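In structure tokens, one chain follows: the form predicted on its own.
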Amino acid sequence: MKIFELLSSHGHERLAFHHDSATGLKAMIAIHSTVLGNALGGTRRWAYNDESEAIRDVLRLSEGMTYKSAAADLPMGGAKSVIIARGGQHANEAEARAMGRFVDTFGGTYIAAEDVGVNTQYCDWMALETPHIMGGETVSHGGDPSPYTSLGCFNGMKACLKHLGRKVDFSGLTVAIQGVGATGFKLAKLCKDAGAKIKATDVNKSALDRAVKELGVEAIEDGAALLTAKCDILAPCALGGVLDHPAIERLQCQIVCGTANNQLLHPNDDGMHLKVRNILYGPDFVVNAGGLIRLAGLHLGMSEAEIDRKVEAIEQTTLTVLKEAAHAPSAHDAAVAYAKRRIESGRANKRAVTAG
């Protein structure tokens, strides 16, 4: 693996590795861009197959965070961190505090938050070692961002319906949700309360049982079967990379719009395949930006009303991107172009200030 080629190919600024011998922590922090401001991005704790897989994941996720911040019109850059978890070892305070010390070495250039495998308790433990952490319940700031992620995605769904010329009414619609954890469960509730019928799956049986009991969703035990289920909207809300050419070929939906990051395994090719199949794609980093908006807003000192308006604005941003997608290879490409325009505008402003 040629690390510097990987970094330069997508414009990453920095990739740092850290090993803490006392706890066994093995972690990485990737900063993709700080053009618009300090970089905010979650900490993912996952049992990767090998180090190469973890490197690719942290680079892919950090790039997505840059575009997410830019598309949401936030003065922040994009980064991500990953912890290579050992099989069978549960997260603990010592490990989390070691991760907090690693984050602190960046001096605020990187601001961490929760992600897959990291909960608010873990963030609070990290916050004992660094002030550059969002998303905990006590010591750190922001609380659980997942309700804002779900609400932003729901607003993205509204935009998709509107773009197709359909009535923005969920009554009678079927929404298939892959993953009913933190964001998926809340998205299911929003859709259910709006009148939709929900089909759902989750690798965690207790999460699926809870969705059945509390929301009355139709459980699909086989996750692969959910991707082929007939529905109006498919919402991937678990890990990324679930949509590739074979999976897209089997889809029976009009819209794909979910909270998961990096839903397309091969973004350029898979985005074009969705367009060829006439399936509307709500670009993930546009529609799932609500949680980031919440945490960034608190970090930047926004009021609750300002944060709410930005989450609401996801609907209009999605509409704009979908309109531009008519003249782009795919909705994904249109979303990346939209974000890059904002980044270049920020870069130009910085140059003007420096020159002045």
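Predicted model, so just to flag it, every value in this text is computed and none were measured. Position 1 is the first residue in the sequence shown; the rest follow in order.
Not on display, but discussed next: the form predicted together with a small molecule.
Exactly one listed residue, out of D202, E95, D270, D232, brings a non-hydrogen atom to within 4.5 Å of the small molecule in the model of the complex: D202. Checking V103, I248, A238, M76 against the small molecule in the model of the complex, a heavy atom within 4.5 Å turns up for just one residue: A238.
Annotation: in the model of the complex, residues L15, S81 and T109 none come within 4.5 Å of the small molecule through any heavy atom. Taking the partner from the other structure, the small molecule in the model of the complex has no heavy atom within 4.5 Å of any heavy atom of G156.
Under a 4.5 angstroms non-hydrogen atom cutoff, the small molecule in the model of the complex lacks A188 among its neighbouring residues. Among heavy atoms of L243, none comes within 4.5 Å of the small molecule in the model of the complex.
Contact check for A207: a heavy atom falls within 4.5 Å of the small molecule in the model of the complex. With the partner omitted here, the stretch from 175 to 183, 120 to 128, 273 to 281, 248 to 256 that lies within 4.5 Å of the small molecule by heavy atoms in the model of the complex is 175 to 183.
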